[in-house]
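A lone chain, given as structure tokens: the form predicted alone.
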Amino acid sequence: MTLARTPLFDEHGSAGGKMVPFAGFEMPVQYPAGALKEYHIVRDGGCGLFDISHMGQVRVQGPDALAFLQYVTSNDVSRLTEGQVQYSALLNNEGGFIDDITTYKLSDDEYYLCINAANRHKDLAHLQRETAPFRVSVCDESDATTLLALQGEQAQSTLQPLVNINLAGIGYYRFATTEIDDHAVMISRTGYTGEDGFELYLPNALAVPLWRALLAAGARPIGLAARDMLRTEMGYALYGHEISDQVTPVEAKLMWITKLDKGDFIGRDAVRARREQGPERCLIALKLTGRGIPREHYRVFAGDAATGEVISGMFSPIAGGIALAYVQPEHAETGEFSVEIRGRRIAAERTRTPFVRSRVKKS
């Protein structure tokens, strides 16, 4: 299979990025300093720059845009005001996740969706299939769009000299539009790291100049490995791990983005039934009390009973061995857990996410 490349492919090569296949793209997993150093840049007061242009972008517009999105997404889009962002999901008829998404309200009849790279074509086909009863258009703008994430305590001070709007005025899960070198740019105070920062949507023509300007201003390039470390510490869902088409919001603890009382939407009846029946498995957070690194698919025990497996796991420089795991409902509230690592069961305690303190600015 031929892998796609983002507009910044050559920039990653010049910076020594180690490229790997990811979601159909060649993406940098790390740079010469290594993933741990990159992690600390973001977590310890610096500013990390991520190329996340592999993500998909879809524009939804028309007089029925709101009604359409109310039907195809799980959250209540009617609560959005212009300039606001919402975390949401596309569900199938069985209540499972087609994808988790973010929804941006541009105006009453125009919205912008950010979708996962691996699901781009599936999501687009699903959305377009559901347009028939609505006066709405669904346009894939992924190939024309570069998406950057600037994350860390110094994100705002690094970006501010390069833009002509006051970044301090952009609240959490809010966005604003501006121009950089005569190109329209959408700047969103969102991210996937638990640190303050922004995601920037821009035309491909601006990708290389802005990437270089941000690096010159003090940002450092960050690869996929450090990004996954940062998101795991926050307990953020990743498609194919915590969520999939076989997992409903009930199991994934994402009922907070699933508004059953907003009216009919795809998957609503199935989710309601699952909530009433109870989850088939439960997502829990674990912290090892012994030495070891919990990895994906490692078996989890409650006492002597095999009860589930690790979905995401790592060694956190701050919290030690941490894991998100799915376990049987009857064991979800018990206290004696262990994770099997190389034939040995390492004791673990149930905890809460985030595993480390989030420093996003929510006010």
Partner chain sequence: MTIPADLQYTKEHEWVRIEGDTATLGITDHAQEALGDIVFVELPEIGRQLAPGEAFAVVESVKAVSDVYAPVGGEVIEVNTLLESEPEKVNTDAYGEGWIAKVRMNGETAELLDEATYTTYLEE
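In this text, all values refer to a predicted model and were calculated from it rather than measured experimentally. Positions refer to the first chain, counted from 1.
The form predicted in complex with the partner chain exists for this protein as well; it is not shown, and the discussion that follows is about that form.
Colleague: Given the stretches 116-124, 246-254, 277-285, 221-229, which is the single one in contact with the partner chain in the predicted complex, using a heavy atom cutoff of 4.5 Å?
Modeller: Single hit among the candidates: 221-229.
Colleague: R5, P28 and F50: each with a heavy atom within 4.5 Å of the partner chain in the predicted complex?
Modeller: No, the whole trio is out of contact, none within 4.5 Å by any heavy atom.
Colleague: Does the 4.5 Å heavy atom contact test between G292 and the partner chain in the predicted complex come out positive?
Modeller: Close contact exists here: in the predicted complex, G292 approaches the partner chain to within 4.5 Å, heavy atoms only.
Colleague: Is the gap between H12 and the partner chain in the predicted complex 4.5 Å or less for some heavy atom pair?
Modeller: Contact check for H12: no, nothing within 4.5 Å of the partner chain in the predicted complex.
Colleague: Check whether R352 has any heavy atom within 4.5 Å of a heavy atom of the partner chain in the predicted complex, and answer yes or no.
Modeller: Close contact is absent here: in the predicted complex, R352 is far from the partner chain, nothing within 4.5 Å, heavy atoms only.
Colleague: So in the predicted complex, does any heavy atom of K37 sit within 4.5 Å of the partner chain?
Modeller: So K37 counts as contacting the partner chain.
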